[in-house]
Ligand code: F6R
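Just one chain follows, in the form predicted on its own, and it is written as structure tokens.
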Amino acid sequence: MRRKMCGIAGYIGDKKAPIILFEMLKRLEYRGYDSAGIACISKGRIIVSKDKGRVDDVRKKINFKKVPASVGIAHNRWATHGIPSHENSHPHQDCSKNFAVVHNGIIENYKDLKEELLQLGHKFRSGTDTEVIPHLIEEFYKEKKNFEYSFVNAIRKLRGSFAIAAISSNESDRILVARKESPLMIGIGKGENFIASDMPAIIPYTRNVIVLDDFDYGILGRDSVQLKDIQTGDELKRDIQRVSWGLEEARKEGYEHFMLKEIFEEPDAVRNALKGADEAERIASKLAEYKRIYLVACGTASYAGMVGRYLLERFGISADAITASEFRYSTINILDEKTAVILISQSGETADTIASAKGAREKGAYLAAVVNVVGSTLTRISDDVIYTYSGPEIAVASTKAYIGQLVSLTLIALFLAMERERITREYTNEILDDLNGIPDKIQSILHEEREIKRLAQRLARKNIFFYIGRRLGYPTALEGALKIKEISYVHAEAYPAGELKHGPLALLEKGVPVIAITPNDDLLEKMESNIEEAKARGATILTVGESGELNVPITDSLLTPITYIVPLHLLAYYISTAKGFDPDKPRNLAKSVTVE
């Protein structure tokens, strides 16, 4: 199953809906930015304004004075079905244009539904799966002139994943919403209510939110929110959560880009993740009961999982780190009740990671999650959760959340090793003391920002990079290479340093940058030999180490993944900006990937 990453917004109240909706979309643009649109109810009819392009471009095409509306829904799109175009942009409408729908997810049976609707005389304007939804609502509305009845029965015919919001010109005093496997939340205001895919869209208006669960649907009025079960129709009660962070945390605060701001928040990411020490110790006491441990994640989070694996192996504890997209189709078959799975995700909404969690649960495995976003899907599936408390991460390329994941996994590894009597309490306390000093060490690296920027400007014309490392340095190399690929669009590969002679050396020639992760540990001499191999082919060597071109403070070897990645984050950022790219919104990528 594939799930798309898009942003949904909605407003009902007494203010100007178009203005609020576009402000909400702007804060959700990291979720998708190939098209945008809004649908508002004005003078008894639905007015849709949409097009391909970013939010600001679409917004300029609308004259708000001609759209007096206080109810509406909106959407940012990241394309899966149908190319970016005006026709494929959301919102979508039915034939009568009495209904409008925005949708995040994938309707797996849309082709069958579309064929049925075509036979009933419906006409389609787009190549999207979403468009079947308003036509289904229209068809059920013919049976019984009731918006809620039509909406619920349409939803019940869908297979796949969805977060949906819909409005009707026939019942203009409400917005209907539904969720299955795609994030959706309701913001509770005074005389007004909001819907959104993520917190940044809501917090300028209210701190009180309800996070919908799978198979929830809701009826929003100006002064009311009613929740029901899609399958049974029974009324539901969901807790209202108070969001602790404010809008200023989701703004750039004077930094040129969110990514740079978030890199400079990495010291705080360490401090915040350390708040989870008690929870890490509790989870470790449970993990000690299991013979097999898997760390499962995607992308950047998978490299954090690799660090977790190396740490556990360092203490003589067997563990494996597997990419979620492979785990769910292979390793899942050997799981049982003697297995523990640690799932890692910034958003808690990553499709492959969630699917892995669900499959592991069916096999009886114990699930522990390392997650940043409170109330996300993964936190509700897992038996236990350790939050990284990294705060909102807006840039598509993850930085501070990765740091938080590393700290959380280090805590789990330490407490598990102590639980299994592989290390002493005294040694654990020594490492914990060192961990408490890591924020200051990261800060000292950030103080070298100008030097790293100058180095990046010299490297900006290079089109191929190699990153090498051993043991704990290898996942750091992988993460460094991924960052430069994501935001600078250059070819970058990471290898275990010992593998250079098994193929990659053939690609090295004069001037090719080789970035070597060189912690001062028992493998340093071997790393130096690998560096000499690359030098002999004319490569330009840049070392990350205590006396490297990318300098880092003296750090216990266990904790080097946390400090050694920081200059590589900065290097990737400044190479991207030197090339004139926007590092916050890399092409073809989106945040919290909910796509298989």
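Only a predicted model underlies this, so the values are computations on that prediction, with no experimental measurement involved. From 1 onward, residues are counted along the sequence shown.
Omitted here: the form predicted together with fructose -6-phosphate. The next part is about that form.
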Handout entry: Contact flag, K483 vs fructose -6-phosphate in the predicted bound form, heavy atom cut 4.5 Å
Key = yes
Problem - 4.5 angstroms heavy atom contact with fructose -6-phosphate in the predicted bound form for T300 - result: yes
Practice task
Report yes if any heavy atom of N193 sits within 4.5 Å of a heavy atom of fructose -6-phosphate in the predicted bound form; otherwise report no.
Solution key: no
Practice task
Indicate whether fructose -6-phosphate has at least one heavy atom within 4.5 Å of a heavy atom of I515 in the predicted bound form.
Solution key: no
Completion exercise
Only hit among T476, S408, Q346, N104 for heavy atom within 4.5 Å of fructose -6-phosphate in the predicted bound form is Q346
Handout entry: Option touching fructose -6-phosphate, based on a heavy atom within 4.5 Å in the predicted bound form, out of A397, L416, A304, V270
Key = A397
Practice task
Given that the partner is absent here, state which listed stretch (277 to 285, 347 to 355, 146 to 154, 179 to 187) has heavy atoms within 4.5 Å of fructose -6-phosphate in the predicted bound form.
Solution key: 347 to 355
